[in-house]
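Listed next as structure tokens is one chain, alone, in the form predicted on its own.
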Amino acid sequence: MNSFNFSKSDFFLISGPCAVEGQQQMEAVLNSENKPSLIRGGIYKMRTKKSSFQGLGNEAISIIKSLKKKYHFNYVTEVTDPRQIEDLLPIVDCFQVGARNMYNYELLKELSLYKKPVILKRGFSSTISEWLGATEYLSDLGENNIYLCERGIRTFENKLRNTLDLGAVIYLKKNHPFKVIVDPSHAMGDSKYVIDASLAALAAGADGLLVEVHPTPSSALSDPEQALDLNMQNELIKKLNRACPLFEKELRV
């Protein structure tokens, strides 16, 4: 049985840094006030610029292996290449396919061979139909193991990093069986908007959130401007705990 089993009444929060940068950083997140058990953290990073931080790779895998012996948590990380899957299998509870790889059908077909849930992010400029088309390559996993993640799309608007399409969340929840989550960090691109976008996602019918949290965002090696600090994460959790009952949901952290 996979550890990513959620009921219809669950609203789950997957939080953690954009990238694993070291054991101390990850322990700070795991030891934060609300003791999160659904943790994200990039091991291999697909970056627009080659000079940008690309992730720690094998070093990060060793860090997560070590932490899993000490803490109880479910771990989510992005897989960018089929050759990474075997190395990630021992530590990963749910694979993430990033926006750049939504159209990487060979990667999706390979992931469908394993019995791990997959979070499939929407491509930058993908239509809902194209996004749903990509799920067909994962169909062997079963609909309960496919999570669609709205992370904002590219439009003419330039005040925010992306345009958060909550209409897509509403449409998918009304017409398809998949669980749908929202990544407000990549959608908004600025931490001061992330909590409001998270509450809006809850109201739109989303099943959960994928949020970037870093102990010291200003020193983050990836996307420092959009990561919540630990105090902001606590604020988000408090607001979600108050809001979830309004939508017949219970927060799972």
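Residue positions are given as counts along the sequence shown, with the first one as 1. Model, not experiment: these values are computed from the prediction.
Missing here is the form predicted in complex with phosphoenolpyruvate (PEP); even so, the following discussion is about that form.
The shortest heavy atom separation between residue 92 and phosphoenolpyruvate (PEP) in the predicted complex exceeds 4.5 Å. Shown alone here, residue 40 lies within 4.5 Å of phosphoenolpyruvate (PEP) in the predicted complex, counting heavy atoms only. At the 4.5 Å threshold, heavy atoms of residue 116 stay clear of phosphoenolpyruvate (PEP) in the predicted complex, well away from it.
Residue contact check for residue 96: one or more of its heavy atoms lie within 4.5 Å of phosphoenolpyruvate (PEP) in the predicted complex. With phosphoenolpyruvate (PEP) left out of view, the stretch that reaches within 4.5 Å of it through heavy atoms in the predicted complex is, among 61-69, 194-202, 180-188, 24-32, 180-188. Contact annotation for 151-166: a single residue, 151, has a non-hydrogen atom within 4.5 angstroms of phosphoenolpyruvate (PEP) in the predicted complex.
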